[in-house]
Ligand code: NAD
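Next up is one chain by itself, shown in structure tokens, the form predicted on its own.
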């Protein structure tokens, strides 16, 4: 394993993974393959763009010919698939792109991996495939997705397993919890709250804010993927979480306190349809490989906040155009009907 194709490598976790692997493995080459949809951003790779060990190809993982051409060109032996439509709210508005990228795209990559006899196909998945849980989910628990996004990711996982069982493709899967850190597109909860607070704009908090999520820092997530690639056997799936369960309202309060912003910026808005109350992961399996998160919740959130505070150049130009249209569609009426919340 030395020539990796990182699909979705200009996105949030994919770009952080590319940076992490270049630093850790001087002998590796990384071919970044990204469609550059609204969430793909070459600025995410700007600081490593001059590294000769990294190449960039703009392409769609659903384009079988382009995928195969890229794999052959860079003599790829391992695919790490970060490419995904990943925002639950958008999947509720329009699921079409989620089915195409997360299901058909995964299938297309698996077909290429089978045909070319690659060493490993690794799928980046999510804790949301388990649905709303009352206790931490194990890798063997049923997949009960409740949003179009989660359903599309669960479908991808099932396809990955099918290619391992049926065709012998050496596959692995990691199912990550809510990941935060630098370069996360500001439609997601933490960068949305942080950047809105920095601009003294309302923070739209769904419902009562008591939804529970487990928070994971992005470099910890990258380390887990690295470990699974190098130490696990094919056919296995691993949960990856920060063991940091917090209610959304608590996260908002810490953000405001850290930035010294008033609590009356928070607005309680109408909840989204089918909003899962809790995600939580059992981590015994990944810990048995020798992994554990390095960041506490407080460290992860503080580092994330400070990055956005120091890198307004990155997010200010994003929060215009397409983003502004989406934001108005998602939150405009909700905010007009909202009320301030004491946090």
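Numbering follows the first chain given and starts at 1. This is a predicted model, so every value here is computed, not measured.
Just so you know, the form predicted together with the named molecule exists too; it's not on screen, but the next bit is about it.
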| item | value |
| --- | --- |
| Which of 287-295, 29-37, 301-309, 47-55 lines the interface with the named molecule in the model of the complex (heavy atom within 4.5 Å) | 29-37 |
| Non-hydrogen atom contact residue 83 with the named molecule in the model of the complex at 4.5 angstroms | yes |
| Any non-hydrogen atom of residue 13 within 4.5 angstroms of the named molecule in the model of the complex | yes |
| 4.5 Å heavy atom contact, residue 181 to the named molecule in the model of the complex | no |
| Partner contact for residue 169 in the model of the complex: the named molecule, 4.5 angstroms, heavy atom | no |
| Residue among 238, 163, 130, 149 with a heavy atom within 4.5 Å of the named molecule in the model of the complex | 149 |
| Members of 202-226 lying within 4.5 angstroms of the named molecule, judged by heavy atom, in the model of the complex | 221 |
